[in-house]
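Below you'll find only one chain, the form predicted on its own, shown as structure tokens.
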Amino acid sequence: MKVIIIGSGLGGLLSAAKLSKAGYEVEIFERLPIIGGRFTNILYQGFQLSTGALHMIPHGPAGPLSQLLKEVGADVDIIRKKPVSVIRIPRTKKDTDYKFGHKDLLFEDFKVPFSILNRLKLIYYIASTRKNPPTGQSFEEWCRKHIPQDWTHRISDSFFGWALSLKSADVPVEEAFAIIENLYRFGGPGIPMGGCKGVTDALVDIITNNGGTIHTSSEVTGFEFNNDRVTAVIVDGNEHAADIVISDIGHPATANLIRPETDISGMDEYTRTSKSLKPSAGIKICLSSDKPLIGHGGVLLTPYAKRVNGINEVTNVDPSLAPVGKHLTMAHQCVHWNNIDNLDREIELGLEDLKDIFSGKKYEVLLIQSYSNDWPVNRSPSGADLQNRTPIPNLYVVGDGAKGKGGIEVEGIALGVKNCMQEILIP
């Protein structure tokens, strides 16, 4: 059976690896000259920078992505080292070294700044809602109602800004609790050796070794139909027959490939819904330094910064991502939809944050990358993802617009691919 996959991002590659191992004939068409989309490396001044996602797997060697990589036989080493995450908070006059301005709190101790009453409330609510999470409101609304403390809003905005490139006001409370549940289940982040490209290269090996083909600089521009099913994709004016088509370019772009005159039940509503989604946006600032700026391989969450939500220093785990003697540090900040037209100002505020966070330390800004519109952090905000199925029976969508419930970034992509594979392989 012939499967054509549109796009060679992580979702497309995971799908291709799974199906090629299952005996399907797989062919991928990628419009860019590179494989991996927003999940690969670019070589810049000797540093292995990422095209999109950070060189970090949110749930490390135990999460959904790692499980799927093992399932298809991809040779990827994901290293998790303690501390997996720390939170930088201001020192108070109660601290003996108050003059140094800040201290780092282990993520598992995030309850420390809460009052005793709010700590008890937090324990109660987490325990009582794990099986029956609240619904119909944002996580911020839930917090304001149950734990109305400044620290609650700061840490939730910092965490979700880092993990989803969203403010807590934009995260449905049921999705937030699903993410928290997965944190308890799978644990914290890890770094794939070789960065993002270490993952995509391993998947390419699986695909090609099982007879799959990947075409770069080859853009799919449309579909051919017969009885409401896709029979072929059109590339450079040529038709390529397919029994199944999987799109890794998002729901809106997939809908755009279907001619308006095509009469398919439910297609108009699907198109309207997919185009109403607001992609999440963000800014990544890559730093070079001779000495470590953080000193560990976990995430540094920064709830008291103006814009920066979190930072990681991947070379503490994989030195090969930088030239010998150098360190690579990457800061991420959410860009709210209200600020999307003023990226220059958002970048300025992020750079000011880094001066404060690394005050007294020497570093160089390597590259500033922004992610919005057609090259976003996520094609749909977490909790608003559409399903893998489309109104067309043999057309599916995977990737960052069809993530699984409670999945942080690439973990969500892996969960979505798993759901899609169940639809295809277990009809």
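Note that residue numbering begins at 1 and tracks the sequence as displayed. Nothing here was measured: the structure is a model prediction, and the numbers come from that model.
Missing here is the form predicted in complex with a small molecule; even so, the following discussion is about that form.
With the partner removed from view, the residue among I249, V308, I155, I179 that has a non-hydrogen atom within 4.5 Å of the small molecule in the predicted bound form turns out to be I249. The closest heavy atom approach of V335 to the small molecule in the predicted bound form falls outside 4.5 Å. F358 falls outside the set of residues with a heavy atom inside 4.5 Å of the small molecule in the predicted bound form.
Taking the partner from elsewhere, M56 is found to have a heavy atom lying within 4.5 Å of the small molecule in the predicted bound form. Y363 falls outside the set of residues with a heavy atom inside 4.5 Å of the small molecule in the predicted bound form. Across the options 41 to 49, 66 to 74, 368 to 376, 388 to 396, residues that bring heavy atoms within 4.5 Å of the small molecule in the predicted bound form belong to 368 to 376.
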